[in-house]
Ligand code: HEC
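One chain comes next, on its own, written as structure tokens: the form predicted alone.
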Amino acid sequence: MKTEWTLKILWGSLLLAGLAFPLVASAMEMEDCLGCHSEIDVVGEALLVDAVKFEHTVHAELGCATCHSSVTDEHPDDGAAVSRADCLDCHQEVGDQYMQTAHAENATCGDCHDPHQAHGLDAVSASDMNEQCSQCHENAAVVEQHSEWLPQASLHIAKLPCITCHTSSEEYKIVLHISQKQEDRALSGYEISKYEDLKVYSGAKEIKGLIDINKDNFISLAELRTFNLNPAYKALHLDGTLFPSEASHDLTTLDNRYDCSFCHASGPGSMQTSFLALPTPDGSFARIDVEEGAVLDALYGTPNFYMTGSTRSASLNIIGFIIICCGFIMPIGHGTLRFLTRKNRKH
């Protein structure tokens, strides 16, 4: 009898615990949090979270309560302080790399990365990356320092993300963006197109249809040629840059980055492959594979992206070869003719 009552009490306790646990676990859903924190009039600028950008991050998959575990269904009326997880709780390996650098003494994770807008390496542009660096490193000072050894330092710094060189990644990838002419500028420069810019051209269709004509998530050389020659896109062109293959917080500059041939040579396999990064509504980018060899084709692949020592044109190579051959034919032919007619010229 005593055993029976003990079991009933035990099962009752487990039932109550089972009912109570989901109430605590689901005290505040992400939708509830964003309902207030996406409104500047409700929470102010300091606590504002861009719901569209946040919902497309990896952190959104974890939910708000994963990092802010103290929040209850009574928040904010309960007056309790909101807990905040440490980045190193999940990113310990990254933290170990970063703590070995000089940056660790001057900047925390949050100084460079907004946890509510955190994206992977594939989803950001070079200009977005360099904006983080420019918070501390003034562009003029960086150019002056690099000019001591790097030819055309200003051009390199304008076209490359800083981490292309300041990284422990051994390899890199070529990433193409669609850039748009800025008519409001005196010199009419180009800037990477935003999602809204390209929607003007695509209308109701997906923007990738501007260049991925058959919508197979693969950009062929024929599609690149069609895009480049389309008069409707005369204000658009493909611009390229080099990204490290792996994200790293070890900011060591490897010795091969001081060697011009690391980038300006057609031999490495990375020069044969490239990706097109298209903007998305949330401000990030999505990459699409491009047919091998696009970057090496100066006329039809990427006519506005030229890398000295790397970019090639098969047509121009043939024309150049013919010119060289003609240059040899003239003296050789003339010399041969004189040799064959030497007896007739004795007198």
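Each form is matched to the other, and the largest set of C-alpha atoms that superpose within 1.5 Å is called the rigid core. Please read these numbers as outputs of a predicted model, since none were measured by experiment. When you see a residue number, it is the position in the sequence shown, counting from 1.
Keep in mind that the form predicted in complex with this ligand is not shown, yet the notes after this line are about it.
Engineer: Given that this ligand is not shown alongside this chain, does Asp282 nevertheless sit within 4.5 Å of it in the predicted bound form, heavy atom to heavy atom?
Structural biologist: No, Asp282 sits far enough from this ligand in the predicted bound form that none of its heavy atoms falls within 4.5 Å.
Engineer: Would you please decide whether Gly63 lies within 4.5 angstroms of this ligand in the predicted bound form, comparing each non-hydrogen atom pair?
Structural biologist: Judged by the heavy-atom cut-off of 4.5 Å, Gly63 is in contact with this ligand in the predicted bound form.
Engineer: Please determine whether Lys199 contacts this ligand in the predicted bound form, using a 4.5 Å cut-off between heavy atoms.
Structural biologist: Outside the cut-off, so no.
Engineer: Is Pro115 close enough to touch this ligand in the predicted bound form, meaning at least one heavy atom pair within 4.5 Å?
Structural biologist: Looking in the predicted bound form, residue contacts with this ligand include Pro115, since a heavy atom lies within 4.5 Å.
Engineer: Have a look at Ser154, Gln100, Asn228, Thr252 for me and say which one sits with a heavy atom within 4.5 Å of this ligand in the predicted bound form.
Structural biologist: Spelling it out, the residue with a heavy atom inside the cut-off is Thr252.
Engineer: With this ligand left out of view, choose which of Ala235, Leu88, Ile213, Leu221 has a non-hydrogen atom within 4.5 angstroms of it in the predicted bound form.
Structural biologist: Result of the distance check: Leu88.
Engineer: Quick check for you: of 154 to 162, 190 to 198, 204 to 212, 272 to 280, which stretch puts a non-hydrogen atom within 4.5 Å of this ligand in the predicted bound form?
Structural biologist: It is the stretch 154 to 162.
Engineer: For this chain shown on its own, do Glu170, Val175 and Ile288 all sit within 4.5 Å of this ligand in the predicted bound form, going by heavy atoms?
Structural biologist: Checking in the predicted bound form: none of Glu170, Val175 and Ile288 is within 4.5 Å of this ligand.
Engineer: Can you name the residues of 103 to 133 that have a non-hydrogen atom within 4.5 angstroms of this ligand in the predicted bound form?
Structural biologist: Contacting residues: His103, Asn106, Ala107, Thr108, Cys109, Asp111, Cys112, His113, Pro115, His116, Ala118, His119, Gly120, Leu121, Val124, Met129, Asn130, Gln132, Cys133.
Engineer: Is Asp78 one of the residues whose Cα moves 2 Å or more between the shown form and the other one, with the core superposed?
Structural biologist: Indeed, Asp78 is displaced by 2 Å or more.
Engineer: Tell me whether Arg257 is among the residues that move between the shown form and the other one (Cα shift of 2 angstroms or more, core superposed).
Structural biologist: Comparing the forms between the shown form and the other one, which are aligned on their rigid core, Arg257 does shift its C-alpha by 2 Å or more.
Engineer: Could you check whether the CA atom of His156 moves 2 Å or more between the shown form and the other one, using the rigid core for the fit?
Structural biologist: For His156, whose C-alpha is compared between the shown form and the other one after core superposition, the shift is 2 Å or more.
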